[in-house]
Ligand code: UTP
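Single chain ahead, written as structure tokens, the form predicted on its own.
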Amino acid sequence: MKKAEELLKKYNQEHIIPYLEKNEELEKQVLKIDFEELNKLCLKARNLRIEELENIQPINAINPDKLSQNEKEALIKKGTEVISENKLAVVTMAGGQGTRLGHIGPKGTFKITIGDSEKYLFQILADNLIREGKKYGVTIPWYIMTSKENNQDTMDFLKENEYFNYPKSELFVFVQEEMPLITTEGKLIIEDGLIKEASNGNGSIFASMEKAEVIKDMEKRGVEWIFIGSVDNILLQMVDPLLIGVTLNDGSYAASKTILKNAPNEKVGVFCKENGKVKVIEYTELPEKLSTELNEHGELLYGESHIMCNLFNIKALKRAATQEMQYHIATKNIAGVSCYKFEKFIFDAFNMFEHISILRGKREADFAPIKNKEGVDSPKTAVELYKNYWGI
């Protein structure tokens, strides 16, 4: 306990000390915190400004509609071989709660009505993977990343629903890493006798997979390609032979499927190149002049949206797991207290590679997210897209 007290005094967090007595969990928390990093991030947050973009260029996406039938078939064949040889695994990011949907519990346990039936988000993904597995004669290893906040609820839910008929031997759950929340005055927050933490963004997935020995498990199974997507897109094409084929053909170690923005002000991050490296610019950081520019085809020059539809070679995962990734900073109001939340974003891994493949998808076939209770990206809009796609 003495070492924990010394750390707290050194970094002006003495208000935590009274809670240390007979609290081993709190002591463990204190000892694992990188206070130097936390101080630097807090200082950065107080002086936060939008970074200047340097040498920005649009990125070229492969448009399947412009490929010949022979080209497309050859690429699909390459991807099909990977899937049929059971060299593909799928990772679902499911660490969030359904708060914005008015749902109590993990987002994957949210239920929607499709035609005459009701389905949970986890159920839709499981059905998709089972269907695709049968098509290729394999059972696809499925890894689900939860958070400390929702891990137990997720495990209980999946067990109660018998894993939606997904083979238990091929379904694995691991927990995302966390970072302490800190007030805008630089103080750690105590809640129920422990330091309040929050998941540290989808970009921590690589380190979390390494820590949970997920990557090691994939290697044992002979997995070479890993699709990573989110739990809330009910049209997510997790098993996409064309995307795999394009990536193999390009000799890339990473790839992403995009959709074209439907308007300059759509709130999505967009792909570009900065100083020759692939980058995703958040919609809040894209200058208005660039957001409205058109190319010779009349399309938005910076219109390729990142829709969390990513593919990585296992070598790329291993590399990303050992590299430092930057933290992005958001100011949140937690129980009436203004505090900083530090998050890593998965797309920041793209600049680790000389080239990544970009394949343009279609909104009506690839993107039906459920994020808001009503309006844009709500259950209503997502279900409509889902029904149209499947002809329900």
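All residue numbers refer to positions in the sequence shown, first residue = 1. All figures in this text were calculated on a predicted structure; none of them were measured in a lab.
If you look for the form predicted in complex with the named molecule, you will not find it shown, but the lines that follow are about it.
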(request) State the residue from 154, 230, 258, 208 whose non-hydrogen atoms include one within 4.5 Å of the named molecule in the predicted bound form. (result) 230
(request) May I ask you to choose, among 91, 223, 308, 140, the residue with a heavy atom within 4.5 Å of the named molecule in the predicted bound form? (result) 308
(request) Heavy atoms, 4.5 Å, the named molecule in the predicted bound form: which of 195-203, 247-255, 78-86, 163-171 makes the cut? Say which one. (result) 195-203
(request) Decide whether residue 186 counts as a contact residue for the named molecule in the predicted bound form under a heavy atom distance cut-off of 4.5 Å. (result) no
(message) Since only the chain is shown here, I'm wondering whether residue 241 would be in contact with the named molecule in the predicted bound form (any heavy atom pair within 4.5 Å).
(response) no
(request) Look up in the predicted bound form whether residue 343 has a non-hydrogen atom within 4.5 angstroms of the named molecule, and give yes or no. (result) yes
(message) At 4.5 Å between heavy atoms, is residue 97 in contact with the named molecule in the predicted bound form?
(response) yes
(request) Let me know which residues along 362-391 have a heavy atom within 4.5 Å of the named molecule in the predicted bound form, or say none if there are none. (result) 371
